[in-house]
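The chain below stands alone, shown as structure tokens; this is the form predicted alone.
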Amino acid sequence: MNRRLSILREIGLAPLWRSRQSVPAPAPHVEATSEHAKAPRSAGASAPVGPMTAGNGARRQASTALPARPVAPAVVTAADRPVIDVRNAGWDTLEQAIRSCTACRLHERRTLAVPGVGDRKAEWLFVGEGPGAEEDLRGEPFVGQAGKLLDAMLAALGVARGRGVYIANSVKCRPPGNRTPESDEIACCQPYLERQIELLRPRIIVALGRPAAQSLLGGEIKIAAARGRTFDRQGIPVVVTYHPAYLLRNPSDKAKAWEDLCFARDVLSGA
């Protein structure tokens, strides 16, 4: 069994791609409101690593999208947001500010804050919801079962945490009981995420789940409606997909998430 087949089997997709000739694969899902915004390509930027035969369906989806409509950049705002000034912070100062932050109630029960991890010159930025129990203990995002699934999906794309990818969360401290972060908690952490984006200057952002999408884009976001589209966040394309923890509970949607990642890769290739 080759490495690619092993990876696809781990994320629950091996039968779909392996038996394409013998068993018809489901037609790729195309949103009627697909939008394909493009971010300016930086000088010398390289295409994503590794050929992706499994992405052909998503590539067809991108090519049949309706003409793009402009999407205004959206940034979450909150009138009662605490004053957190990290606008000029470098990486070390920023991470120290996150680890010592007491701006919201989430700090009261945390073990460790979780700034983020990965390549600080990454083209890909993945943004999740918030740390879980293992992340709280280790101070690193996506290290539990959801993290293993995310790592497998990254490997299938030809990248990895620390190599072309940076991983962060909308909130940097674990919500009690792994509950969904509340709007004021997301607002408190917003300056940290914004500064991470400014420092990284990624070529594409993937929002993992609804809270992450809302922290990046503002307003109410529904995953089903947002899939298959690109949103513009201050010149950077944003693609929305399911959170890996959701996929562990709903494995039948792994194929949809894989389509989304292939779509994101095609957006990046055309940027």
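Because the structure is a prediction, the values reported are computed rather than measured. Residue indices: 1-based, along the sequence shown.
Unshown form predicted together with ligand URA; subsequent notes refer to it.
Heavy atoms within 4.5 Å of ligand URA in the predicted bound form belong, among the stretches 128-136, 151-159, 195-203, 85-93, to residues of 128-136. Although the partner is absent here, His243 is a contact residue: one of its heavy atoms lies within 4.5 angstroms of ligand URA in the predicted bound form. Heavy atoms of Phe142 reach within 4.5 Å of ligand URA in the predicted bound form, making it an interface residue.
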